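Okay, here we've got a single chain as structure tokens, the form predicted on its own, with questions on binding and movement later.
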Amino acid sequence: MLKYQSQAVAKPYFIAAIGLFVAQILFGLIMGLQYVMGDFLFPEIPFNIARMVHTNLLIVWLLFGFMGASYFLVPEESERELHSPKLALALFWIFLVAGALTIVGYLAVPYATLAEITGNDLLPTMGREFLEQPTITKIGIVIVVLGFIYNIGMTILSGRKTVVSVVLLTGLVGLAVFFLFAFYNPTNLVLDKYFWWWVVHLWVEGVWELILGAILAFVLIKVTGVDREIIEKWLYVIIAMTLITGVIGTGHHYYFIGTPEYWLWVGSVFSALEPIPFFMMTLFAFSMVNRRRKDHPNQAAVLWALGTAVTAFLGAGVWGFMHTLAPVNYYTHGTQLTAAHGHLAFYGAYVLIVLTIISYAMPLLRNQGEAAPAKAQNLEKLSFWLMTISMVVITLLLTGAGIMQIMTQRMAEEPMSFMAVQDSLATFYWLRVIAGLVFLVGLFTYIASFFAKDKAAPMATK
């Protein structure tokens, strides 16, 4: 049973997140096929539109997941009901409708026309990667996020304050503040790129990591029974390292955009330290599970939590470090190696943490007790391995493609043309499509787990 009735508002957020996740993967598969079948679904869904929808859906469904996680854990941490459940549900529908209309806009009308009809000429914000949303949508996001932070903030301020809830609130406020740079679109390209990273980098390699740490700490407290004080000390150290390395590590994006030369050193040194908090997070998760005082019945949630720590370290830490030093990045920037890092890092750090909190919370939200039935948990565990292994395979394939691209296009004495290189990578791209289909099967297995029930025990006969 739920401890606080208002936690129930998290359920529609989680359901929407999973639905949008499916849509994101479908558009990813469309893009994967367009790499090897250039006219696939053309002109109905051109590659640039599919890419835009794929990345925008990623951001939106993760935000739904973060919001659902906050609405679920903050009442428990604060030991009081949510400040306004009605506001939470109203913001849910506003965000869902605005997001859906934006995606329909991408697919239904040319992007230039969308910019014209949504008033982009009054406040130009469109046209930049990941920030393609119409200006009116960006304003709507700000309104929704401000209402959300008000709701969460008032709940925390009027109840018990814990390290988990304060770290979470800090991350959410940072998310809102740094998104405001999406409205700053200078005509100078160097300035544009300089501040563009204040949204993109300082989200995913800064404040989002605070949200990740808070959610992971909350789940580990619940499933291990380890003293809160021990987990909170770990959390303090991890977020301190995250902020030190992540904020200054923004410099690894400034190497070649026209900024001063000192960014080569600043970016290289601090971004080389960025794997440390992820490694600490892995040690933290396994240490807490090993020191557990109870065997929680929801073992699927424990698997998702451990998977988050390990895969985030591999994707954001190891694959990030591979090409972050300036002398290496000189050759690797913008290749398939970048895509390899991006896929595994997002999956490990943010996709898995949202699925972790959904796995822990959904049985309670559905009145199933602390854990889903054994059959449902087995399906969840299968889905974890299907999605994780296929994502690792996708990462390895893109890494191989990236290395070939670097050797033949950027380091060869007689470099091949871009399209000739892409042709030579077709095998990698076909195998990536197959791995993507396996990932989709894993995602559908995950969804199927919500409908799985154990067989009823046979009735005893006299």
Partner chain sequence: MSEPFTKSMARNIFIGGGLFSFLLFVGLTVDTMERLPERDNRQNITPEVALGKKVWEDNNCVGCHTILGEGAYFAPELGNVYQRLGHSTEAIKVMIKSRPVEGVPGRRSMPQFNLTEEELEGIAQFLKWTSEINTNNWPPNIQG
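Numbering follows the first chain given and starts at 1. What you see is a predicted model, and the numbers here were worked out from it, not measured in a lab.
Heads up, the form predicted in complex with its partner chain isn't pictured, but that's what we're talking about next.
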Review point. Heavy atom to heavy atom, is Leu189 within 4.5 Å of its partner chain in the predicted complex?
Key: yes
Review point. Taking heavy atoms and a 4.5 Å cut-off, does Asn120 contact its partner chain in the predicted complex?
Key: yes
**Study point:** Interface membership of Pro415, its partner chain in the predicted complex, 4.5 Å heavy atom rule
**Key:** yes
Exercise for review: Look up in the predicted complex whether Leu89 has a non-hydrogen atom within 4.5 angstroms of its partner chain, and give yes or no.
Suggested key: no
Revision key, fill the gap. Within 4.5 Å of its partner chain in the predicted complex, heavy atom basis, the matching stretch of 389 to 397, 66 to 74, 433 to 441, 419 to 427 is 419 to 427
Point to revise | Tyr150, Trp208 and Asn367 all contacting its partner chain in the predicted complex, non-hydrogen atom within 4.5 Å | key: no
Study note, to complete from the structure: The one residue among Phe346, Trp319, Trp263, Phe95 placing a heavy atom within 4.5 Å of its partner chain in the predicted complex is Trp263
Check your understanding: Given that its partner chain is left out here, which of Thr224, Ser383, Thr335, Ser268 has a heavy atom within 4.5 Å of it in the predicted complex?
Key -> Thr335
Check your understanding: Can you name the residues of 127 to 151 that have a heavy atom within 4.5 Å of its partner chain in the predicted complex?
Key -> Gly127, Arg128, Glu129, Glu132
